[in-house]
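We begin with a single chain expressed as structure tokens, specifically the form predicted alone.
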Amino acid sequence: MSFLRTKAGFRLLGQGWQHIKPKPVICHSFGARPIVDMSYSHHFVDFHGSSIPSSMKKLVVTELSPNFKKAVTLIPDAPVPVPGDGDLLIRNRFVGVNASDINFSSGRYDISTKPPFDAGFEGIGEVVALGLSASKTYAIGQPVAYLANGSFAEYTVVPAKVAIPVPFVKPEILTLLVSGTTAYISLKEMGQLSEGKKVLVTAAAGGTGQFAVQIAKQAKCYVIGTCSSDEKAGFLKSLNCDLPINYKTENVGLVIKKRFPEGVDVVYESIGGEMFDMSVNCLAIKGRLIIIGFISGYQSSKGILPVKTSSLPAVLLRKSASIQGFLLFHYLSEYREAMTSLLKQYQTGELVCEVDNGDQAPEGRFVGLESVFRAVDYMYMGKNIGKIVVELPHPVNSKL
């Protein structure tokens, strides 16, 4: 999945979310305090009563490269950042791994950015220190999620206006921040979904594909989902996907042409290359193809694999079809409603938020920042089912 990773983009996120008025959460079981001015303190005390350390681990991009292991360095003793007047210091419990992490590490999103710079951009955890102004709406111990640079760290400072108040700290909520909202907003704004429409979702068992499948089914569409294994096909069936297709064993284009000679109405596309070309050819009259990424090319030197563009105008004209790109940060006016709706559906059991924590990975679960490298490799090997999440455990009630 691809989305903008610039300072301007994150400022926009703050502007888009600041209209939410989160009520201060006074968590008496955590000993939370409503006002704590830690802005100028050199020593923090977290809500468990254990000392916040002066140093922490974090991942830093030290060289521009689409090879994540080459580009990123684990810093074992980086200073814990100090929150300013309007900031929160968040102790990260879970961080999300995205295909775009290597686009960021290669400098593709902002060519003016030079290393070193912090890696990772989504996390969830608890507030452990905050500035005086931030304490008007947040409290020590309050669970929050966020989209901001530097999430691949044990602690991250986030402007309060960017933080997203959440009811609890669970990895399932992390799946909604980018993956869920991308599917929700793009299909709502561009998909024009309605009962009986045929929707093709590529990489359907992945982090965002799982939500595209479910949202299309909620609209009573017929959903076709591509995947790379029988296990993933089984997962898609559990989401009520009508036609899972394992592209490792079947020709997706031929299957669709045989089953639906008139084509499909909507394509939710995130792979690129040959899958993109096939998807264009499968469009029905007035069909719509939504590009939310092109992961197949991210590891290449140019970041994208070639597609057949010479005939594209003729194909689109002949079918009155359209192709449209989607970048989450261009739709921040819709973000609040999307998160609210998705979170409600998850809490009521209407929405599956599948998390892949690496239980099936060769070296086991993704725990600790060291495992982010394995998690990225795992994603690009096409092994994940659902959203890849790395856990960052912290001891409590003791010196950290």
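Small disclaimer: the values here were computed from a predicted structure and weren't measured. The first residue of the sequence shown is number 1, and the count goes up from there.
The form predicted together with a small molecule exists for this protein as well; it is not shown, and the discussion that follows is about that form.
> Thinking of Asn92, Gly120 and Thr156 as one candidate spot, does the small molecule come within 4.5 Å of a heavy atom in every one of them in the model of the complex?
Not a single residue of the candidate spot has a heavy atom within 4.5 Å of the small molecule in the model of the complex.
> Which residue, Asn281, Ser228, Thr73, Asn240, is the contact with the small molecule in the model of the complex, using a 4.5 Å heavy atom cutoff?
Selected option: Ser228.
> Given the stretches 307 to 315, 164 to 172, 219 to 227, 135 to 143, which is the single one in contact with the small molecule in the model of the complex, using a heavy atom cutoff of 4.5 Å?
Partner-contacting stretch among the options: 219 to 227.
> How about Ser151 - does it come within 4.5 Å of the small molecule in the model of the complex, if we only consider non-hydrogen atoms?
So Ser151 does not count as contacting the small molecule.
> Considering non-hydrogen atoms and a 4.5 Å limit, does the small molecule approach Val199 in the model of the complex?
Heavy-atom contact with the small molecule at 4.5 Å: absent for Val199.
> Consider Gly206 of the chain shown here, and say whether it contacts the small molecule in the model of the complex, taking contact as heavy atoms within 4.5 Å.
So Gly206 counts as contacting the small molecule.
> Can you tell me if Val178 lies within 4.5 angstroms of the small molecule in the model of the complex, counting non-hydrogen atoms only?
Flag for Val178 set to yes.
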